[in-house]
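Next up is one chain by itself, shown in structure tokens, the form predicted on its own.
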Amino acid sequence: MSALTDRSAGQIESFRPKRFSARYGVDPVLLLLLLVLMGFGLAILYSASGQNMAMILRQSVHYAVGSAAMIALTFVRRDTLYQVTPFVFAFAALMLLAVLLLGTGAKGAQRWLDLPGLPRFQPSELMKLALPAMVAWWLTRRPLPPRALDVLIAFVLVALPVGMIVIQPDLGTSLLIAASGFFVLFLAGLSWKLMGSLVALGLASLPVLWALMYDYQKRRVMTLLDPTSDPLGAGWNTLQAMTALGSGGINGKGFLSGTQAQLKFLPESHTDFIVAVIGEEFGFVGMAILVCLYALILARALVLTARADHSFGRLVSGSITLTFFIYVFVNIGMVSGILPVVGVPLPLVSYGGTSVVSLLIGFGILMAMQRSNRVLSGE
């Protein structure tokens, strides 16, 4: 009886999430939460796309490819990720340069590469992962917290790709990528003095940024202050999204019963404004469930970040987690009218190929970082 009890206890111990992830790479809790979110995303996309099964099939393929890449990355050694980071960053920078020279345009922006034999993709999505890893690689090769010179070089590493993305133009993505680099500096123990200097520099550069912004970007910012000033133009998206969110009430109008999305009043309902469809059809309850699901994913990601036993792993994992939070916050804030429209999709719910795959790859890197790998030199 005692031997049977010991065997059962050993089996239970082996299936604990921490033991399971250390042995098999994949964290079962985070994986389950991501699968639930993707399943919810497919259901919402079915409604937001007008029951477009072709789109549902393509999104399912995106999920499958991203999930396969995520699981494969969990088995990559941390020191391997550390060593290839500069090469991945250089490749991503070259791809951004190729976008400026050979990129494919759509809706007034040149953000994609359409290479023979490959699906069209957006290189800035790769930079969302490469940049924070590169900044972490640079900082962990030197004493932490970083000194002023190390911060200056890190700032250059951030500014170069961000500048190329601003030119495309893609202000929303450029700000997110800049934030991912700043998160690494913050997590590395950047002194409050240096942090204050960077914030002051950012505020001082706002007039320059405003002067460089395109007219449509300026209109978006001004529309944030008063959407009704141009209800049929720049304010249309925000007003329709707020109408959809407000009309959902507590319990919503019901699945496939949202008038704003189903009658095509809501633009980009399957991409940037899909959260308005959720609010209209599932109401406050549905939005609360969605926010709770995101909160659980973020909490689990922070737990895995804390388990990383090397500063490089902690910095990269923390940056991925905080950037994911910014994605959620910016999208919901944009749709609800508290932030300007910047074209940021709702993570793993909005339709999209490159963004879905890059997000899942990021979670794969995060899970790989918390495994017990060989300690890097200099730790």
Partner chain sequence: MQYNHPRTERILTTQRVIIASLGCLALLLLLLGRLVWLQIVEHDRFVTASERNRIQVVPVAPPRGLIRDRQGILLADNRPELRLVLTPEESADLEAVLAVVDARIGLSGDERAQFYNRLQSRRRPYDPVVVKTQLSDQDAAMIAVDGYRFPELQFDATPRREYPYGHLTAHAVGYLGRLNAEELGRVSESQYAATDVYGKLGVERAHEETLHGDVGLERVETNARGRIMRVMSRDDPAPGADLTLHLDLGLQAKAYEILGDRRGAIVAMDPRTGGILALASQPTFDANLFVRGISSVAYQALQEDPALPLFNRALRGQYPPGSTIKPMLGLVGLDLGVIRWSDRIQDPGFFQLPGVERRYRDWKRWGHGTVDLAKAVIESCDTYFYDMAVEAGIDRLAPAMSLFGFGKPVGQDVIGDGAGILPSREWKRAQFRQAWFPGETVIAGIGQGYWTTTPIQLAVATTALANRGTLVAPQFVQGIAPVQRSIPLATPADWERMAREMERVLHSPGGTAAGAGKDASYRMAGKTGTAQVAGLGQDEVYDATTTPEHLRDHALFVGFSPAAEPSLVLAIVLENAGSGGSQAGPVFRALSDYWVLDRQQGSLPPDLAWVASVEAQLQQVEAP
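What you see is a predicted model; the values in this text were computed from it and never measured. Residue numbers count along the first chain shown, from 1.
One more form of this protein exists, namely the form predicted in complex with the partner chain; it is left out here, but the text below deals with it.
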Would you mind picking out the stretch of 55-63, 335-343, 26-34, 40-48 that comes within 4.5 angstroms of the partner chain in the predicted complex, counting non-hydrogen atoms?
335-343
Exactly one of Q240, T173, T271, T74 comes within 4.5 Å of the partner chain in the predicted complex through a heavy atom, and that residue is Q240
Let me know the one among I153, M222, M195, L97 whose heavy atoms come within 4.5 Å of the partner chain in the predicted complex, would you?
M195
In the predicted complex, A93 touching the partner chain (heavy atom, 4.5 Å):
no
Contact with the partner chain in the predicted complex for K218, defined as at least one heavy atom pair within 4.5 Å: yes or no?
no
Is there a heavy atom of G181 no more than 4.5 Å from a heavy atom of the partner chain in the predicted complex?
no
If you check in the predicted complex, is W138 within 4.5 Å of the partner chain, heavy atoms only?
no
Residue by residue through 141-180, which ones have a non-hydrogen atom no more than 4.5 angstroms from the partner chain in the predicted complex?
R141, R142, P143, L144, P145
